[in-house]
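The chain below stands alone and is given as structure tokens, in the form predicted alone.
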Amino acid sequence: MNAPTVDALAATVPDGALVALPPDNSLPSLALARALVRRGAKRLRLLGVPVSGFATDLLIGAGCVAEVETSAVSLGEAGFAPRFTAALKAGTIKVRDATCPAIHSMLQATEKGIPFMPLRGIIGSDILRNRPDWRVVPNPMGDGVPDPIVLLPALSPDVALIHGAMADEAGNVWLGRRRECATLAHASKRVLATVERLVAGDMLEDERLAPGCISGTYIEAVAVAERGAWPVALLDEYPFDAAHLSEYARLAKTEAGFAEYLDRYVLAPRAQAAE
């Protein structure tokens, strides 16, 4: 089975695209994030599904990002996301505040083919003041008693970047128990996936594997990238690299340190060869 390279996939992501990334605990493709840095992507609009992590901070630091829509940006136990924090303070990126349920609801609306999704839990939150696209209306199914509800517009990312354990000859990608990525795949216009390995056959024909698959119907292209989620974890394949994340958090506190990190781990020939 022949597959494109990671850098070839990254080359198909246009500048200015709305790029969706799962959180660090739910299979983002760090391999594709690094490839986007190498190709010099510009003006990307990132969507955290529903929170943003290492890949988002890396892309912001490299100057690839104009806007972020997310419910949080964090490196988890490694602390705050330093390049996001610096860019926010400098005013070089725009942030669209959201909540975890809101992001999932907007993606579900697209998945279901409807123009909006109602949500109640954010009534009374200050976030509504900063989201004019989220409309508070009377409950149309109510009985006359005041009952406001928020309508969230359907959201369809231009491209989603995910990393799975394996893909098969039919283009199916196995993500195990991370089924939230299925909604992301269904709602996105394109899905680019990296995987640890390619396998023969059709996993949808295997009762044990089929529940953990995203159908190849939703996957545009797959590239092999061993340890393509690193330094975050991949299911039972490998754990978070806590030491590396701590090193990144330390270096990325300054522009000089971040540039050193890029040279060592993203732009270096060995990084390109590994992906």
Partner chain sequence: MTIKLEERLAATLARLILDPAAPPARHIAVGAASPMPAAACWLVKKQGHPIRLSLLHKRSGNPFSEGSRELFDLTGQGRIDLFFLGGGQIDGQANLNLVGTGEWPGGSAQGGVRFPGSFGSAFMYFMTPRTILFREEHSPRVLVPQVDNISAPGVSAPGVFRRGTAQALVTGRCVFAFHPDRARFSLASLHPGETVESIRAATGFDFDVAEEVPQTPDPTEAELALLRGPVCDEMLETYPEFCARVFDRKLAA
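Quantities reported herein were computed from a predicted structural model and do not represent experimental measurements. Numbering follows the first chain given and starts at 1.
Keep in mind that the form predicted in complex with its partner chain is missing from the display, and what follows is about it.
Asks: Looking in the predicted complex, any heavy atom of P101 within 4.5 Å of its partner chain?
Replies: Contact check for P101: yes, within 4.5 Å of its partner chain in the predicted complex.
Asks: Is there a heavy atom of E205 lying 4.5 Å or less from a heavy atom of its partner chain in the predicted complex?
Replies: Flag for E205 set to no.
Asks: Is there a non-hydrogen atom of P50 within 4.5 angstroms of a non-hydrogen atom of its partner chain in the predicted complex?
Replies: Close contact exists here: in the predicted complex, P50 approaches its partner chain to within 4.5 Å, heavy atoms only.
Asks: Verify the contact flag for D126: yes if a non-hydrogen atom of it lies within 4.5 Å of a non-hydrogen atom of its partner chain in the predicted complex, no if not.
Replies: Although its partner chain is absent here, D126 would touch it in the predicted complex, with heavy atoms inside 4.5 Å.
Asks: Report yes if all three of A109, F116 and S215 come within 4.5 Å of its partner chain in the predicted complex by some heavy atom, otherwise no.
Replies: No residue of the spot touches its partner chain in the predicted complex.
Asks: Using a 4.5 Å heavy atom cut-off, which residue among L151, M166, A154, A72 comes into contact with its partner chain in the predicted complex?
Replies: Flagged contact: A72.
Asks: Exactly one of R135, R197, K189, R179 has a non-hydrogen atom within 4.5 Å of its partner chain in the predicted complex; which residue is it?
Replies: The residue from R135, R197, K189, R179 that makes the contact is R179.
Asks: Among 167-175, 78-86, 197-205, 154-162, which stretch sits within 4.5 Å of its partner chain in the predicted complex, heavy atoms only?
Replies: That would be 78-86.
Asks: Using a 4.5 Å heavy atom cutoff, which residues in 136-152 contact its partner chain in the predicted complex? It's fine if the answer is none.
Replies: If the 4.5 Å heavy-atom criterion is applied to its partner chain in the predicted complex, 136-152 yields P146, D147, P148.
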